[in-house]
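In structure tokens, the next block holds one chain alone, the form predicted on its own.
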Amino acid sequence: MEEAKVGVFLSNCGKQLSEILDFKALTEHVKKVSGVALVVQGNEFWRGEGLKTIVDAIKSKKINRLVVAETLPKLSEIAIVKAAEEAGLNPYLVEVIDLKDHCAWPHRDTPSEATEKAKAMLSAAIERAKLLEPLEKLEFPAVKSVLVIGGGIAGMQAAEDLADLGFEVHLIEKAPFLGGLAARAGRFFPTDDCAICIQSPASDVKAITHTSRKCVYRSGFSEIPNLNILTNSKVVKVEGVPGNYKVTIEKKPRYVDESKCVRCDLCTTVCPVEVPDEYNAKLKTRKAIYINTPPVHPPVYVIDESACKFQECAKCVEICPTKAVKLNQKTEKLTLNVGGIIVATGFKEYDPSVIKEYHYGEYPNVITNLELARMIDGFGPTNGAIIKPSDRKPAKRIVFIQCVGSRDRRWNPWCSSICCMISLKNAMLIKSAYPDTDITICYIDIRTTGREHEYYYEKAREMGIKFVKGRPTEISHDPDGNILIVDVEDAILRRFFELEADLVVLATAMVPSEDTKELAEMLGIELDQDGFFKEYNAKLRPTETKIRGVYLCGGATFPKDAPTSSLHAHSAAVKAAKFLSTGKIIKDQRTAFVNEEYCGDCEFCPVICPFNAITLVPKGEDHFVAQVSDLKCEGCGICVGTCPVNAIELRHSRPKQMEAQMNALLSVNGTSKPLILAITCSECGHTAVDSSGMAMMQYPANVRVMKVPCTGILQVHQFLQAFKAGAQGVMVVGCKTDGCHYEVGSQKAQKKVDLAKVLLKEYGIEPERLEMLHMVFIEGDKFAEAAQMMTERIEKLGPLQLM
């Protein structure tokens, strides 16, 4: 590699820094460092004449490495790197450090000590720059096609958005019809209008007017260009990498040709088989060949293969005027090539039959909210009449029980967030249609957090719906009057009630839909403790996963109401569109690589990698080595910190680069206090150092800061290396353990610190010399306090005695 010629550019920040730091001494110090070819002082180097000076030095070949001490480093670094690259320097050969917030301002009361620390910082940057290697931008092809899994309102909305944007979209739904839970819910709160409607497509679909929303059947949804809808289908295999997935779909036979069926209903009139209709809460029966009412999509019948007698009967075949019934259809498998995947698999009601005190499944007049919704629906099994399923007589007294199976650590500890509003909606719809109905809602808390939800609750009270604060302990059945008795303690009145009811409605918890775990394994994405899909970051990236190109929306992550599901769908669609819009994925090469000579069969790194970027590949007989995907690797280095044989390194943060930095930082003291090395992650840990300087908080100048990508990259021997290099104490500053930018990096670092402390004790070194701290940006004061604390602690311990 070409001999390093480092150019060092020292900004005095409009002479603010030169009032604290001795720039003449700094310049003389830097000139003596080997490999330095040019030293320039100035007011600023990230714009104007200062930046031109850097560009000229690069173009004239005076320098081939660049170190800039600049203020506003996070902003200035962008301009400096861009200009350096345009001038012909590889952008990964640039180091920008902050002498203001990391040195001058926090140590302004001890300027000579600050100057000595600045010398150390500059030396460390130069030594690192000398060892940096040029890296390349990597480019990967991306297929401009998206698979959306789940045909509920979220999945349909995401599919529509992407198709409108010109992407090829495949929408698959495992049920025979689109619609999901919304189709069964009938109406949505707080507007009480139809649940199964979506936005009008933006695409030019003839004869469709672009009003605010449309029923799905008349929305033109299925006619949007580029949108391929597959019902009765599910994902069975996913292969490939972000931007280029091969997805195998299993499509079950419908036994009805979608291109020929005219929905005349003659087939159902002759079908002799009747089975309970699960779509309608088993409150009616349907034929073996059937269609849901009202239809969503497709407007085509389907045959229930578990009930149909097929060739033994075949009456539907005989009567069908268009010859659409095809009893010989087989399961098909097809492969889709897509660049991104959106998971919109929704949620379902928790089965309350396990809660024995409520006797669901035993007493027919104990039902769930979704089953009640089917009764309320005018298209439903009772044509809108509210009845007792046991004898089909009108239900005049109805008791709702909230939080059934939720907010209960026996079953599900979480609040499902939408159940209160669902019960209010159903109660109000009944009260509107049947004002004489006596309705009581037993609740723990009524949670009305959405827009206009509190007004909805107030309206329910005004309509005469009663509320009892208390969780019922038991439901019993009086067979003489066919009455249900609900035992409940009113927590406000502090007395027990026995509520008589014709119908008890359980507002059950909402839980992940079927096959969630299986799908997560196929996609390589995580589930949270509650079993729902886990977002990349619940605060800022709620529709992304750690796997590039795989997104989440709607109830796949947690139960949501319709507006929130719709917002999630739009978000997921935009994320997928941004990812695939150029047809290629560009990322830098700051990734891990494996030295196959040392690697061997331990399997630690594939397990620890948060991004599934490492696989084992065979190398010779019974021997496997790790292989890193540059596309998937996020450059955290946790694999480096985990490898027991040092077979993995991270480009741009190699051990020799870190060691050179460390030695340089500890090569200059200039204070009477013991040197302390603070190793920070480049994310929250380093921002805490930034903010302490920005706020001009003071801490001792003997604390030297070394930045690494993630504290998870650190190995135990590096702590010992720091002590050997001259540190009297070591602070490791990472993200909060539950908020690490790389999921587990901070946790892994904590474990290694704990292990190192044990080793230090065995070596006769006080373990208190090593400490792990977890901070975020707004905790700059804590960094300053910790630096002071560690200094005082080490002073009390006295000089380190190495054997």
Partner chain sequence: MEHKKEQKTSATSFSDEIRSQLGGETITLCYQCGTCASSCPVAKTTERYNPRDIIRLSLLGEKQEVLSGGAIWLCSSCYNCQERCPQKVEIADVIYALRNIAIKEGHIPNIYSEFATGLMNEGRIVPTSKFVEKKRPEYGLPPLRPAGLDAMKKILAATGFDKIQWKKEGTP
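Quick caveat: nothing in here was measured; it's all calculated off a predicted structure. Positions refer to the first chain, counted from 1.
The same protein also has a form predicted together with its partner chain, omitted here; what follows describes it.
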Among 170 to 178, 110 to 118, 322 to 330, 494 to 502, which stretch has residues with heavy atoms no more than 4.5 Å from its partner chain in the predicted complex?
-> 494 to 502
Does its partner chain come within 4.5 Å of any heavy atom of residue 488 in the predicted complex?
-> yes
Heavy atom to heavy atom, is residue 353 within 4.5 Å of its partner chain in the predicted complex?
-> no
Proximity of residue 577 to its partner chain in the predicted complex, heavy atoms at 4.5 Å = no
Going by a heavy atom distance of 4.5 Å, is residue 408 a contact of its partner chain in the predicted complex?
-> yes
Heavy atom within 4.5 Å of its partner chain in the predicted complex - residue from 239, 528, 474, 139 = 474
Candidate from 234, 546, 469, 254 lying within 4.5 Å of its partner chain in the predicted complex - any heavy atom | 469
